[in-house]
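The chain below stands alone and is given in structure tokens; this is the form predicted on its own.
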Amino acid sequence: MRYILILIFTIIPLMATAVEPDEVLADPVLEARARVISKELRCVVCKNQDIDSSNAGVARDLRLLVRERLVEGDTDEEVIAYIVARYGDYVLLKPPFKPSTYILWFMPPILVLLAIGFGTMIILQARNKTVNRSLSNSDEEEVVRILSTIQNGDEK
């Protein structure tokens, strides 16, 4: 039983990648570098999935392009720069910190602060709001009349 569990937990992580056998490089060092680079690049079809685990055709093309550039002798940085030159910063899962991407970096914390501010404002307004829960004289008289009718057993 233990061996079956070990086998299952060994095979499952291998199944999570979409790299097909014909894409794998013969050199294990280059293949490891290709996998690292592929995990940093976004599939332009799947949006928030790296090309290493995407089954999209474009992701396959990008994986092959990464491996092709590595075989030609490019460094990891050169491969990423080549891909970015063709697809733009959008292809990076972690965009660079530069003026054109400031909104990507600063908008989430700004939105969180705005949400906290609005939430605090709503809670404070709810605390300060007084609700008039007393009945008017005519309402009190109506309640007394209905209760006395019920107590006397006289129904309308």
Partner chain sequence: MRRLIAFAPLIIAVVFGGFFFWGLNPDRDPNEIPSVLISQPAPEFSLEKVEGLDTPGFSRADFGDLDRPVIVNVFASWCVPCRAEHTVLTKFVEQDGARLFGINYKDKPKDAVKWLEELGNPYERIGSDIDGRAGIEWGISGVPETFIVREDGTVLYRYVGPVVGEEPEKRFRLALIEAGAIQVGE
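Numbering follows the first chain given and starts at 1. Model, not experiment: these values are computed from the prediction. By rigid core we mean the largest C-alpha set that fits within 1.5 Å across both forms.
A second form of this protein, the form predicted in complex with the partner chain, is not displayed here; the remarks below concern that form.
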query: 4.5 Å heavy atom contact, residue 44 and the partner chain in the model of the complex; finding: yes
query: Any non-hydrogen atom of residue 81 within 4.5 angstroms of the partner chain in the model of the complex; finding: no
query: Residue 62: touches the partner chain in the model of the complex, heavy atom cutoff 4.5 angstroms; finding: yes
query: Residue 118 within 4.5 Å of the partner chain in the model of the complex, heavy atoms; finding: yes
query: Of 103, 122, 36, 112, the one that lies within 4.5 Å of the partner chain in the model of the complex (heavy atoms); finding: 122
query: Contacting member of 57, 96, 28, 108, with respect to the partner chain in the model of the complex [4.5 Å, heavy atom]; finding: 57
query: Core-superposed C-alpha of residue 55 shifting 2 Å or more between the shown form and the other one; finding: no
